[in-house]
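Encoded as structure tokens, the following chain is the form predicted on its own, with no partner shown.
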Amino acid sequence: MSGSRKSRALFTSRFGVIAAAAGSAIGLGNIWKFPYITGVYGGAAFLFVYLAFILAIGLPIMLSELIIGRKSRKNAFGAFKKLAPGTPWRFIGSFGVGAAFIILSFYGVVAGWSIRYIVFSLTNHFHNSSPEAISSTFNAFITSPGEPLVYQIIFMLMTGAIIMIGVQKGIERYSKILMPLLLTLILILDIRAVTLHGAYDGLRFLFKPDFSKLTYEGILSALGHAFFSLSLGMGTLITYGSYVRKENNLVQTAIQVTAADTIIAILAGIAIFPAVFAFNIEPGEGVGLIFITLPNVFMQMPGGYIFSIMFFVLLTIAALTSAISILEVVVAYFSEELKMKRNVATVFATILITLLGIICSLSLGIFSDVIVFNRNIFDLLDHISANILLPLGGMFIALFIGWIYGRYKVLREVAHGGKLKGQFLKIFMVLVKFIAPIAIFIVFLKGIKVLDFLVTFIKTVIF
């Protein structure tokens, strides 16, 4: 893939841009994490705060990434090298490329689990199983030395195959197919969930405000999830932005992708919690909600066999649309900066990431005794990417657009395919100059435990 403007592949349609970018943002976290943390931190009260942060932090950073990508017509690393040559800012993209490489390694492992659970569902594996038996099955599977690797490799091969086909025939074409399919599946699951007896309790859990649960932790969780849920800071939207045509309206694209991401997350909550509450099952946290609690729910639900299959197909699709955007960040870097042919870059990147993923998978089993900074390899890579690379990348992107790139260049770039009204531009520049960097820096301090230390220290001094 050449970095030149003439030969660079571009998305062919507006819908293709929206489908690809929304697919990048919508991933595993939308299906399990958002519904859970919304309920834990006060339901609708948390939701309102989250939406405020999406508008104040998520949307401006997303638009910033799209601007950088389209203006430069380069990969995440090459974009800053082109827009800020000879300055330290040219290294910002390395945060994104590094984060993408690391994230996909363990992301592919979890996505492989979702494929395994499609097979479990097809064979009705959990029929007449107790919750304890379902939990034991999950733990035995993820800690086994071989089986998770098979499904991880299958998922990575699927991801690599789509990327190898190219931007238009691969990423855009399959995003146009997978995103409508994902929406259809989740709507069917929603209809089934809300028609269950006792579903109202689940909807109340998800949507009725309980401001007493909206704590300091909840507000920080809303802030962090508003940033992470849109796949910001890892270069995916810079890379996809470089494939967006000049006539596309970047402001509308950013708004539509943000809306799609939030709507899918809410729809996932509607699909999950009415069913969980209908069968008097306490919602679990994290992967346990998906791979332990929900199989128990489906086993008790009328028609649960079909809906179990649909749910894990949905989960796999959400993982795949995100994974292709993450892999594209690395492939674009290899092909443009290291001058590899696209096919070679795809194979090379897929193999390297898969090998690191194998280590991540084995760290849950036979390598579980390998502990670095009190974490196994899987958790360590998750921590480094989520708490260091992504926040720093996102913060520097905001600072670059606000302080280095400047309002007039922003206005000129956004003027292609749309207009940015004066008042909106002022608000946008204030957000990327001040609000977003400060907010993301708080997320960074929270992730490395410094914020908790400072809060404890202040409380001790004052009280």
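For every residue, the number given is its place in the sequence shown, counted from 1. The term rigid core refers to the most C-alpha atoms you can superpose between the two forms while keeping them within 1.5 Å. If you're wondering where the values come from, they're calculated on a predicted model, not measured in any experiment.
The same protein also exists as the form predicted in complex with a small molecule; that form is not shown, yet it is the one meant from here on.
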| query | finding |
| --- | --- |
| Heavy atom within 4.5 Å of the small molecule in the predicted bound form - the one residue of Thr159, Ser361, Ser325, Asn75 that qualifies | Ser325 |
| Proximity to the small molecule in the predicted bound form, single hit among Leu250, Ala332, Met234, Leu294 (heavy atom within 4.5 Å) | Met234 |
| Interface stretch in the predicted bound form with the small molecule - options 403 to 411, 431 to 439, 41 to 49, 26 to 34, non-hydrogen atom within 4.5 Å | 26 to 34 |
| Ile272: touches the small molecule in the predicted bound form, heavy atom cutoff 4.5 angstroms | no |
| Non-hydrogen atom contact Phe228 with the small molecule in the predicted bound form at 4.5 angstroms | yes |
| Close approach of Phe80 to the small molecule in the predicted bound form, 4.5 Å, heavy atom | no |
| The small molecule contact in the predicted bound form: Phe311, any heavy atom under 4.5 Å | no |
| CA of Phe34, rigid core aligned, shift of 2 Å or more between this form and the one not shown | yes |
| C-alpha of Leu182 moved at least 2 Å between this form and the one not shown on rigid core | yes |
| Core-superposed comparison between this form and the one not shown, Met429 Cα displacement 2 Å or beyond | no |
